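Taking the form predicted on its own, here's one chain by itself in structure tokens.
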């Protein structure tokens, strides 16, 4: 009689108390599928720092004339923080209007202030005049509306005495002091807070670390184990000293599609491959770029250099064409309202997505990379051509391994277009003028 070989599910039951259990559960499903299909999310940087129109945390870490505030003044801001106009459902409604498929909220930035009701610190939102747990309110609204929510959590913490000697100014030791004997107490604090976030607020689809320098000091392996022990399907980014589930370029797009085994060079935006390289699916490295609408992550009443809706739409297309996700940031006002300029741009993106989301959501990088004047995304054997520079009367798309197409049409209207395909080249007859002033999408269907 042959021996019975247990299934992964049976193994998971057998080893439920083992560190292997979360990994076994991950093996049961494609836990990244929702993320790869989402493509577009909302990042939210918010805290008492919004009262002063300064960047989150950095004014006390690296003081500058740009944000003239003392550490004492910065630390006193929670005493005045009372965002009485905060409406979590309105945040979710805005994200949905923009066709954003997930939200990531800053539960704790580098300053150490917690926007959730942690049991392990007094430096938190429930000790402000507002008193309510903002992370909890947003999580509840997201769950009610079917909007996946993830949590940003900063490993650096300027407020915790085990992270650094808080008798000194933060500017002197903001990288932390892991050689001090109390450092293990700080790692305990981190793990306890992560477990709070993953056991008190329902499903959390991802944890977004922001580890700054020398990330290995935060014992990423330990924090990964703690996260997966609480919620085995939670994605984890790459900013705690180990690779994680996805790459996170900040304020820029990689020059080519990121691939596994090759480090993304932030300074040169280099992925180690040529801009026209189309990787095999098994080579692709999951990635997400985060970006601001103006220049600051936090609310800043003095920063009026907003990216246009057209620029943001094209950035979304650029990201999707390389298989990535676009995490676009908003910094709410101190009263709890997202400023009108941000809302206007998000709704404009949403109107474009009303007509063209089929070429973004559920897509992956297209078969033509590095082309001049257009970008491509793909779903199955169908290819979407996102035209930036209108070509006149004909558009040519060329690649060595294009599938055989049966039809061409404008995605927005479904209007059929005449085309010819021969020797790896598709020539499409298009209207004289671009139907969409931002980006016109042509569907090539197999």
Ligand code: FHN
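Quick caveat, the model's predicted, so the values are computed rather than measured. Numbering follows the first chain given and starts at 1.
FYI, the form predicted in complex with the named molecule isn't displayed, but the following is about it.
Within 4.5 Å of the named molecule in the predicted bound form, a heavy atom is found for none of 46, 299 and 312. Remark: residue 93 does not count among the residues lining the named molecule in the predicted bound form, judged by a heavy atom distance of 4.5 Å or less.
The named molecule is not shown here, but in the predicted bound form it comes within 4.5 Å of a heavy atom of residue 208. At the 4.5 Å threshold, heavy atoms of residue 265 stay clear of the named molecule in the predicted bound form, well away from it. Contact check for residue 250: a non-hydrogen atom falls within 4.5 Å of the named molecule in the predicted bound form.
Checking 398-406, 38-46, 414-422, 380-388 against the named molecule in the predicted bound form, the stretch whose residues place heavy atoms within 4.5 Å of it is 38-46. Checked against the named molecule in the predicted bound form, the candidates 102, 201, 152, 189 yield a single residue with a heavy atom inside 4.5 Å, and that residue is 152. The single contact residue among 224, 110, 217, 160, judged by any heavy atom lying within 4.5 Å of the named molecule in the predicted bound form, is 110.
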